[in-house]
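This document starts with one chain, in the form predicted alone, laid out as structure tokens.
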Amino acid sequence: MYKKAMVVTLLLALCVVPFTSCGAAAKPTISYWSMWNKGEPQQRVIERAIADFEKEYGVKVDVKWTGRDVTNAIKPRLLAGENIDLVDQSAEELYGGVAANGISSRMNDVLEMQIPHEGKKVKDVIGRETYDAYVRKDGSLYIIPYSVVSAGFWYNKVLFRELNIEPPTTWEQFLSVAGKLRKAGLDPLAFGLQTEVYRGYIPYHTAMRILGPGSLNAAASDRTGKLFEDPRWVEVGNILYAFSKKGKNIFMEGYESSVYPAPQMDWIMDRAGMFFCGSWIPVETRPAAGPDFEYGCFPFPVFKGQNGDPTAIECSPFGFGVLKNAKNEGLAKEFVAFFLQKKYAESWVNDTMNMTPRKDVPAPKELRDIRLSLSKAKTTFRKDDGVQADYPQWYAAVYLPVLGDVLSGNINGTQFARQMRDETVKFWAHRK
């Protein structure tokens, strides 16, 4: 009797530690901080996947719907010793705000993981072009994408058909299109100089065409400024000057003082023929678009004698990053692979009108032109060639002000290259 009592007591003790109740283990809990806000279409897709993952894996996902500033929000928590396993944001934010601080875990192993219920590896279902620009020289990858963003010249296909205009592929053709639009009484290109993202788009795409991916990033970090002495930077400056009112007058009237969202609204209302922007623009403008508006998009034109890959295109994914020393690193990576199932990718496309990295899930009809350009690209490059994430102070103190000068037509190509050189030297002279 005494021995039986001892056995019962021991069993009861085992039921308490480490179990919350006899026979039921405490569920592992993934700490996940997300960039989406509660109620957004993107949040609802992820939330459904979380519920399925919890049920199938017998775990708990403690998710914080934090909003766009998530990478800054997690920093004090991490400094205080709080465990955070998983975070999502744009690749530039994850690399600039997390990986740059040495707190990211490599995600290369996720590419080799199986997609649940599909018998395929992650690397077999997502296009390499969707993350290739973020593989570092040592082979490290710190993001696995679930959404893909690119950029190009947007236009109304109905308008172009009415004016008998074909999407241009070369700079000469682009200038011809601008002339036809101007002749039809339209501003050729909607643009707002006072909005940072607009100001930076055209310049770095010009540099990617003329000098190639990585050229701007390398020049930004060159303390001597000598990389900006390459005569091709003068050519970049001349192209930028050509867009200005003092050049070939391609931008819309009043662009110098225009701010978001005025340019995109001018474009969607067919007051301007083209607008250069990221692939989120159909989502933002669809409510204002007329019933006959048909979204089209073509890549940045190529130039004679350019050194960049003519098929190269921006690819700026949004995706998952796992934190270094995360307590549930393996389980967090399991969720990443879980979310890449085809059914969630299809929901992402249908519910959020965004592109997925999965090769077997078509883009929304509004984005099919730009997705085709991505699939044909031999080379992809980071947004802003990575300078905003890698050198944010240089971006703000040197790059944006000089761009303002040349896009206003206040300086020409030669002066642009010289100012970029001189201001870069001054910038780095005050930093160790």
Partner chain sequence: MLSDSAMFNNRYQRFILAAVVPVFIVYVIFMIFPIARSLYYSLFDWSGFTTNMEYIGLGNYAEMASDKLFASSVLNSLKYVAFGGVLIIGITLLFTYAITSYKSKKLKDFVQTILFVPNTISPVALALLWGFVLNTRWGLVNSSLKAIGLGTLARGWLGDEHIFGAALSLLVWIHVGFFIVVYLAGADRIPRSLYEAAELDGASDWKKFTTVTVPLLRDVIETSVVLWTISSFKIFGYIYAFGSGGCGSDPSPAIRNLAVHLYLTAFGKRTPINRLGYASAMAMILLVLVAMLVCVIRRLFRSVERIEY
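Not measured: the values here are computed from a predicted model. Positions refer to the first chain, counted from 1.
If you look for the form predicted in complex with its partner chain, you will not find it shown, but the lines that follow are about it.
#### Entry: Distance check, Y260 to its partner chain in the predicted bound form, heavy atom within 4.5 Å
Yes, Y260 lies within 4.5 Å of its partner chain in the predicted bound form.
### Query
Can Q388 be called a contact residue for its partner chain in the predicted bound form at 4.5 Å between heavy atoms?
Flag for Q388 set to yes.
### Task
Flag T71 as yes or no: does it have a non-hydrogen atom within 4.5 angstroms of any non-hydrogen atom of its partner chain in the predicted bound form?
Within the cut-off, so yes.
### Query
Is the gap between A396 and its partner chain in the predicted bound form 4.5 Å or less for some heavy atom pair?
Yes, A396 sits close enough to its partner chain in the predicted bound form that at least one of its heavy atoms falls within 4.5 Å.
### Task
Would you mind picking the one in N238, Q194, S176, S221 that has a heavy atom within 4.5 Å of its partner chain in the predicted bound form?
By the 4.5 Å heavy-atom cutoff, the listed residue in contact is Q194.
### Task
Heavy atom within 4.5 Å of its partner chain in the predicted bound form: which of L141, L111, I103, V283 fits that? Just give me the one.
It is I103 that has a heavy atom within 4.5 Å of the partner.
### Stretch in contact, per heavy atom within 4.5 angstroms of its partner chain in the predicted bound form, of 163 to 171, 113 to 121, 91 to 99, 132 to 140
Going by heavy atoms within 4.5 Å, the stretch is 91 to 99.
### Query
Are all three residues L79, M252 and H430 in contact with its partner chain in the predicted bound form, where contact means a non-hydrogen atom within 4.5 Å?
All three within 4.5 Å in the predicted bound form.
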